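Given next, in structure tokens, is a single chain: the form predicted alone.
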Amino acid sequence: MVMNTILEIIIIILLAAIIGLFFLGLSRKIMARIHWRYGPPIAQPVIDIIKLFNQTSMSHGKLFNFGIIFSLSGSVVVLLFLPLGEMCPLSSSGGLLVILYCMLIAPLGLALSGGEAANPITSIGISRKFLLAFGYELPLLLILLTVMTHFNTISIVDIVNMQLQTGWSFQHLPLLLSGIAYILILPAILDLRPFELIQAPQEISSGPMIEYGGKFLALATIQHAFNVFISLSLFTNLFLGGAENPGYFFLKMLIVFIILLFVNAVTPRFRIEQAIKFLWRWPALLAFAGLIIVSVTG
């Protein structure tokens, strides 16, 4: 049993990294084709990581080093709570609330690391990250409460298994509202337009990433890939019924991600106050309406 669990942990981490990096490469390729450019190869993020690990790295101190490792570790922990097909190493160790808390570790780690660099552009990016997180955490909490109330459990594994019997959550009215709310906040979680505020190369020169180089930038890229996988995986498990095998699970995530990329290609960037106003209006209202309906009808 111990060996099986260790093997599942290794497989999930590797698959999450591969799928997340594939999505990062795919996003650059699709955006380039939409802009009538050829674009880099889909494997470009992997090529960049290999190249960065072979470059000289500059550290700003022990807290700078610890921050990126802390951020990456938080994402790895979240991965182990999320079902990937029939694999979920920490299925009996916590539920959706634990996942929600652990998802806060990644931005905290980047804040610690960026704060040690003492770069004003980095500080702007970090402040935007926390403000944006403050905006989407409210509807995300309401969404999770609605799902937990509807299925009467906090276990994401049980929620996936129940959908095998009752159909996808997206097919039921109260959870349909919550699913739409989740789709509306997904670009904010993934830092896609109209919520591309944290890095925003045209405004703040990539924000928190400006001080990263070498192995630190490589680790930050891997952490970003994990974040993409986690956000899409959580949506797929909660509203699209998960999957019995990783291949079908990947296909569901891919479809959702491509839809988000088309939205990213045609929408302008919000200002930070516009982003918060949007997140606290439409996604929060939809999620709250879903929670009320579930509470009344449940």
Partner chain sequence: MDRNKLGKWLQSPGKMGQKYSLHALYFCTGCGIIEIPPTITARWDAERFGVIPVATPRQANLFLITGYVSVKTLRPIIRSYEQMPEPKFTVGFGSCPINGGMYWDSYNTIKHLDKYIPIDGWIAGCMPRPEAVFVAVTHLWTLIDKGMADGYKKYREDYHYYRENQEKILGKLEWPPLFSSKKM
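Here the structure is a predicted model, which means the values were calculated and not measured. Numbering follows the first chain given and starts at 1.
Form predicted together with the partner chain: not shown, discussed below.
- Proximity to the partner chain in the model of the complex, taken as heavy atoms within 4.5 Å, picks out 197-205 from the listed stretches 197-205, 181-189, 224-232, 168-176.
- Interface residue remark: R28 is counted as part of the site for the partner chain in the model of the complex, having a heavy atom within 4.5 Å.
- Among heavy atoms of Y212, some come within 4.5 Å of the partner chain in the model of the complex.
- Proximity of F262 to the partner chain in the model of the complex: non-hydrogen atoms within 4.5 Å are absent; the residue sits far from the partner.
- When the partner chain is considered in the model of the complex, P41 lines it closely, a heavy atom lying within 4.5 Å.
- Of the residues in 140-179, none comes within 4.5 Å of the partner chain in the model of the complex through any heavy atom.
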